[in-house]
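One chain is shown next in structure tokens, namely the form predicted on its own.
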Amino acid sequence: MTEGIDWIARSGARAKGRRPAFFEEPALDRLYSLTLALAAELSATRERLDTVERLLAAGGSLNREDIENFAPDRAAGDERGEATRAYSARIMRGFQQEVEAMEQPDPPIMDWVEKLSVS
């Protein structure tokens, strides 16, 4: 069913409809899109490296078929999940801080001046 499909060409195809905009500046949308795509690629590379390390530790050698067919056990899956969550949290921290700032903005500076002046 998927034979003969050029996945590289398909991945670069333009989606139908208008591209969603999240920021006023289109360059920011493109920058964040690129950054998150790179982060996803690095995450996949980290999982693949984990596979290589586990296969080397288990048998001392490996081949591409072993890597492609590797399925982590429950403990390895849990470790990978935790590592991926930590990685995502580090990447998304800036966004999270912005949301936190919007939810609980700092009081205006004059409020602090008045509080400190009364003491």
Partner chain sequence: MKQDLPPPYTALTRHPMMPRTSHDEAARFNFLTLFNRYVSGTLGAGNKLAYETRVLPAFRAEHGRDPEHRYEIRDAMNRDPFHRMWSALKRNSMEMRHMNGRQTVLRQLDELDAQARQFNEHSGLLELDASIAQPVYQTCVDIHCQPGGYHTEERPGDVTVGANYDVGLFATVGGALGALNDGGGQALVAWAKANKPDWQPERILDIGCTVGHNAVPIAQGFPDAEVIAIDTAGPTLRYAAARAAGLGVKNIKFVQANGEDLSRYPDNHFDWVQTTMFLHELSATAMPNILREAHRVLKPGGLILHVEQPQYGPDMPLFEQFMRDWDAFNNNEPFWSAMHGVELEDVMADCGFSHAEQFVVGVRAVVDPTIFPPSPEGEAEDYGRAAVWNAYGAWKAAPAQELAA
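Under this definition, the rigid core comprises the largest set of C-alpha atoms superposing within 1.5 Å between the forms. This structure is a prediction, so every number in the text was calculated from the model and none was measured. Residue numbers count along the first chain shown, from 1.
Missing here is the form predicted in complex with the partner chain; even so, the following discussion is about that form.
Residue contact check for Ile109: none of its heavy atoms lie within 4.5 Å of the partner chain in the predicted bound form. Taking the partner from the other structure, the partner chain in the predicted bound form has a heavy atom within 4.5 Å of a heavy atom of Gly81. For Leu36, a non-hydrogen atom is located within 4.5 Å of the partner chain in the predicted bound form, even though that partner is not displayed. Interface membership of Ser61, defined by any non-hydrogen atom within 4.5 Å of the partner chain in the predicted bound form, is ruled out.
Contact residues in stretch 56-76 (any heavy atom within 4.5 Å of the partner chain, taken in the predicted bound form) are Ile67, Glu68, Phe70, Ala71, Pro72, Arg74. Core-superposed comparison between this form and the one not shown: CA of Glu98 displaced by 2 Å or more.
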